[in-house]
Each structure stands twice: as structure tokens, then as C-alpha cells.
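What follows is one chain in C-alpha cells, specifically the form predicted alone.
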Amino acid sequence: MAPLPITAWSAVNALGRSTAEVLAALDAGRSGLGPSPLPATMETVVGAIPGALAPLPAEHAAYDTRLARIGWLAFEEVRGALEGAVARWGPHRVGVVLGTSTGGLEETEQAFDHWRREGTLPARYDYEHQHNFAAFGELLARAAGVTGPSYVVSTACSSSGKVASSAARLIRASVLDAVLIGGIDSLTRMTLQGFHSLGILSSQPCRPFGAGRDGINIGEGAALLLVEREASDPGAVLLGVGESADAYRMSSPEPGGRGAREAMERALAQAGLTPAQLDHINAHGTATPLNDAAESIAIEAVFGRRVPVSSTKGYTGHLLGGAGGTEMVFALHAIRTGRLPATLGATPLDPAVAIDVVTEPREQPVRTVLSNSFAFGGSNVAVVLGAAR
């Protein structure tokens, strides 16, 4: 695959309300995990966006939800670049492809509570514009004047990694010349209760690859990246995407890491790289016993111990449908700064983990990074990003 320029990106999550705040906290090794703002029946910590969220502009009030307010923060940072792409390529040659796991579920939870109390849904509740998974992408397309394809990928926690593959296909097929990709999810009670019912929601800050790790923390946030056919001075490039499906179990990975290994190998092949040419891995690293074990086996099978591996879930929590996009932004930051984030909570390491987990911040030259996202049902994706030159 010919490298595709990435010309703008943004991320907002528990680390901050702007990309600059998020990356500064990442560099400082500061976690954004804390108490849940939502009522829950169990002890846990979450990665919640700090501070109050302003309503959407009045002309977009029909779409106003917590999810949309979070996403709007990220959109405002890339809006100028997206509108520039519309002007350069034409509105019909630009698309929006986003990933989400929950959509506007949190708004529906509030509407259901109102129905239980009052016997009616709230007057302002609008399923099509609020809960509907495609609503936020539709909002961004309208706001930026995009008239090309706009759709949503929802494959649980791999959603906003898989949209990188969607963008590459659309551009290679000459359907589009620029695609805004990324992902977004907000905290919901169903998510918290659901992962608790599976027995994998930790009551403490998560510990990716650590001995005695006992589960994940849920987070919320949004990340957006603009991928174009060509650009004179891109910030970085999309080199390759690999996908696979375990076809093993709905809620746990194939124990030998077969699907994860296949996704990474396919991403490297599409990028035209050998394992020896990769500088860093942003692991899926959720801190569940099964996921980390399978992923570490897969990484060791492809790379041995030579590639440093970080998980950033201890900073933001697991952003579910927003995780892949967020961690692509973190990968781009590593490429541009040479800084590898420490894996918070990893020490002491699980002695069975036979890979080079970064437990203290490192600085080294970084030209290529692979970012993993794995999901329920064995839906796997690995994305390779690289320096522009």
C-alpha cells in the first residue's frame, strides 16, 4: 500500500479537553482515572472527561448529547483541516468514517429513567439524532460541508482502528480523496454493568501486563484523524492495516494469540515492513488476564523481545470504540517526539509476559509504530503508522 498522508489529528479524553492537554499528561505519566460520575452498583474507577461539557451550537441542537459534546471538542481542532480538504478535493470527494461501540446510549439511558418516573419519554429525546450510531458522523459531515460517504463502523473495541482500513480502501478505490476517521464513546451505565457482569471490571486502576491484574477500567473520549490521498507536508503517514477474526469465543481471545498475530503480520505486509523495521508497539493491553496473555504471546511470536511495548489504558481507561483512534494519536506522538509512554500499573510485571513492556518513560528514535485493537468476537486490527519522511 502506498503511504497515505495524515494531515491533522486530535484527541480528548480523561487526560484533557484538548490534544495539547492530553499529550502533555501522557508525557508527564499522569493518569486520568478517577471516580465514576455515573451511579454504579460496584466499586470501580473510570476515565471521565474533566469538567462540564458545553452544549452544541444552536444550529446542531438536535444532535446534542454527552457523546456529541465530547466529539465536538475533538472536531473543533481538526475542523479547519477538514474544511480545507473539502475546498481542495471537493465536498463529494471527502468522507467521514467513524467507530463507536455505544453511540448515544447514555442519552437513551436518561430517557429510559424519565420514562420510568413519568411514563413518557422526554420531549427533547430524538433517537435518530441522538442514539443512532451514525448521528455523530452525520453531524460532522454537515458541519464541515462534506457530501461524500459518511458511515460508522461498530465492531466493539476495534471499531476506530478498523476505520483506518476503510479510509485506505476508499482512497485506493478512487471513491474519495480524503477521509476523516477516528472514534468516540461516552461512559454509560450499561457498559459499566456489562463489563462487571463479565467479571473483568477492576475496582482499582488497571494494571496492563502486570502480575495480579484483574480487569479493565472504562473510559470515554474521542479522537479524529484526517487521511488524504496526497499532501505536500503531512504530519505522518498511514502505512498499513491488518485485520483478522479469531472465530473462537464471543468474549475472550484465542489463547495462543493466533488472530492478533495474523493482524500484526498482515499490517506489516501491507506496510512493506519486516518485524525488524518496527520501532514501537502501542498494545491493546486492557489488563484482563486473558487479553494480555494472548497479546503478549502474539507479539513475542512476531517480534521476539526486541520491540518496546506500551499500553496506555492506565492513562485513559479503555475507550472501547474510541480506543483505536486515540491510540493512533498516541502512536503519532511517539513518532514525532521519540517518547515512549510508560505502561502505568505494569510493575511488577507478570513473569509469563515475554515481551519488552515499557515500565518507565523512554526516549529513542521512532519512525514506525504499530497500534493494536482487539474486540469481542475476535475482531482484530493492527495499524502501522510512520514518519512522513
Partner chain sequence: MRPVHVAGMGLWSPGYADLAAWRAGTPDASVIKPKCRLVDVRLKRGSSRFANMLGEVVEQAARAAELDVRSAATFYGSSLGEIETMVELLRMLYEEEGKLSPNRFKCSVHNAASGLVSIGQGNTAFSTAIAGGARSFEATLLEAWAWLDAGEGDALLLAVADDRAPPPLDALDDHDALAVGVALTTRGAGPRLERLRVVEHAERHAAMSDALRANCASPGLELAAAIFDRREGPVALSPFGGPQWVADLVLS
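Note that this is a predicted model, so its numbers are computed, not measured. Residue numbers count along the first chain shown, from 1.
Another form, the form predicted in complex with its partner chain, is not on view; read the next lines as being about it.
Comment: its partner chain is not present in this chain, but in the model of the complex one of 278, 152, 236, 78 has a heavy atom within 4.5 Å of it, namely 152.
This chain appears without its partner; in the model of the complex, the one residue of 211, 121, 290, 87 with a heavy atom within 4.5 Å of its partner chain is 121. Residue contact check for residue 195: one or more of its heavy atoms lie within 4.5 Å of its partner chain in the model of the complex. Though the partner is left out of this view, residue 190 does reach within 4.5 Å of its partner chain in the model of the complex, counting heavy atoms only. Looking at residue 83, you'd find every heavy atom of it more than 4.5 angstroms from its partner chain in the model of the complex. Of the heavy atoms in residue 131, some are within 4.5 Å of its partner chain in the model of the complex.
The stretch in contact with its partner chain in the model of the complex, judged by heavy atoms within 4.5 Å, is 244-252, chosen from 203-211, 224-232, 244-252, 305-313.
Shown without its partner, the chain has 376, 377, 379 in segment 344-381 as residues with a non-hydrogen atom within 4.5 angstroms of its partner chain in the model of the complex.
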